[in-house]
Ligand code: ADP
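Shown here is one chain on its own, the form predicted alone, set out as structure tokens.
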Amino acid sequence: MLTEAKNLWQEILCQIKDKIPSQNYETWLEPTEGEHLTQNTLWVKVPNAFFIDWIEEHYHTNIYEILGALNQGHLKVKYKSVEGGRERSIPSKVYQPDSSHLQPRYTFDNFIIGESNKFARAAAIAAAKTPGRQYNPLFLYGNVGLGKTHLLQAIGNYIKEHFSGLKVYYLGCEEFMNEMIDAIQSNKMVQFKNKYRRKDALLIDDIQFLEGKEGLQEEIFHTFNALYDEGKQVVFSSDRPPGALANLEERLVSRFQGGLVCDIKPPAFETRIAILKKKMASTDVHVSDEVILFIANNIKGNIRELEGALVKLFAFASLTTGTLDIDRTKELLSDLLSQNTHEITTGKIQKVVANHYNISLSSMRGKRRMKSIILPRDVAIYLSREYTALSLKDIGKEFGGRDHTTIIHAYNKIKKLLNKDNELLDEINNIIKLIKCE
């Protein structure tokens, strides 16, 4: 069955290739090969164990969607590492009406704790241990790649394990909207409402997708009320706190703020090292402490950037015989390092905006309320929220000790203006270019 396995896997790869960036395909999927096909299982050969983890995390859904389209949805996919013979299988993605949409690998135990996230993790654990009774709703926010999805799914997995009779469901806000549209078109809104309002724990990721979508906001509002009134656990995540979400109904913002709202910040240096070493432990590739320290010192944005750095190093080690010393590491990570060399800070933003509007830098942080100063200051606050990882409180400190409500107001003001003022939009786009060149 070797030829059949190769052909089937090659067909899967051909279809995935059109869906993902070419560099990702060449790094993670091109080196794989269909090895064996049985009645229920497709075996795939990969260079090392890290490939198994990466493919599971990033291409699981694509693979099973394509298998389903090829009328092979009954198959399980199992991976075999050439180095070390490690094997792992991904469960077949057969649709079940009560499926939780949770991925078992997301647990509290394998979530790396640091000062930047320990409060959010503690709140998530508390909500998971007493679903519907403490911290309901729970609202987690932070920039991309900091672990919000991990914590949401860890809550779901904990509830499933310790409260076997409860129905748990995780999904993204965009998926919720797509299902709602399908339900409206097929006249199945009653079934749609029942599906979500009969859960015991509902976990909705990327709630910022609600912005400006009135019908979706209405449905989320009523779904939340139905669950909350029954004492069911609801957890949301977003890239911003509730008050910073634009074009959102006040009653919905009020619901989000009615429980516990906590943020997740970028990982500190020690946490970055712990994350890198944790990832290292699951592979057969050795990276020296010198290299680990170099990565942790130079890549500070988020966990995904750290993982992306290791990805390149692991791929190099798997596919070549070269040595992973510090010079080779700098060469391999040059693109990532250049991005971080030009890291955007509030200081850079204030400097460029002040120069653009011909005002003093001190005006950005001062108390003066002249019209000629208010707009530049609000623009700088908006850009600080969009392009840095600082919390609202920290942004406020950078602007003369302003409180978070002032920062939210300035951010929302500029965001709304950009929807109708093309001249301001062009102006801010030019400012962004200057900041990135600074």
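All values derive from a computational prediction rather than experimental measurement. Quick note: we count residues from 1 along the sequence shown, nothing fancier.
Below: the form predicted together with adenosine-5'-diphosphate (ADP), not depicted.
This chain lacks the partner; the member of G243, G259, G145, G172 within 4.5 angstroms of adenosine-5'-diphosphate (ADP) in the model of the complex by a non-hydrogen atom is G145.
In summary, among the residues N110, S334, S288, N194, the only one with a non-hydrogen atom within 4.5 Å of adenosine-5'-diphosphate (ADP) in the model of the complex is N110. For the chain shown alone, N225 is not a contact residue for adenosine-5'-diphosphate (ADP) in the model of the complex, no non-hydrogen atom being within 4.5 angstroms.
Using a 4.5 Å cutoff between non-hydrogen atoms, I275 counts as a contact of adenosine-5'-diphosphate (ADP) in the model of the complex.
Among residues of the shown chain, F176 is not one whose heavy atoms approach adenosine-5'-diphosphate (ADP) to within 4.5 Å in the model of the complex. Although the partner is absent here, Y158 is not a contact residue: none of its heavy atoms lies within 4.5 angstroms of adenosine-5'-diphosphate (ADP) in the model of the complex. Not one of E4, K6 and K78 is positioned with any heavy atom within 4.5 Å of adenosine-5'-diphosphate (ADP) in the model of the complex.
Only one of 251-259, 124-132, 102-110, 215-223 lies within 4.5 Å of adenosine-5'-diphosphate (ADP) in the model of the complex by heavy atoms, and it is 102-110.
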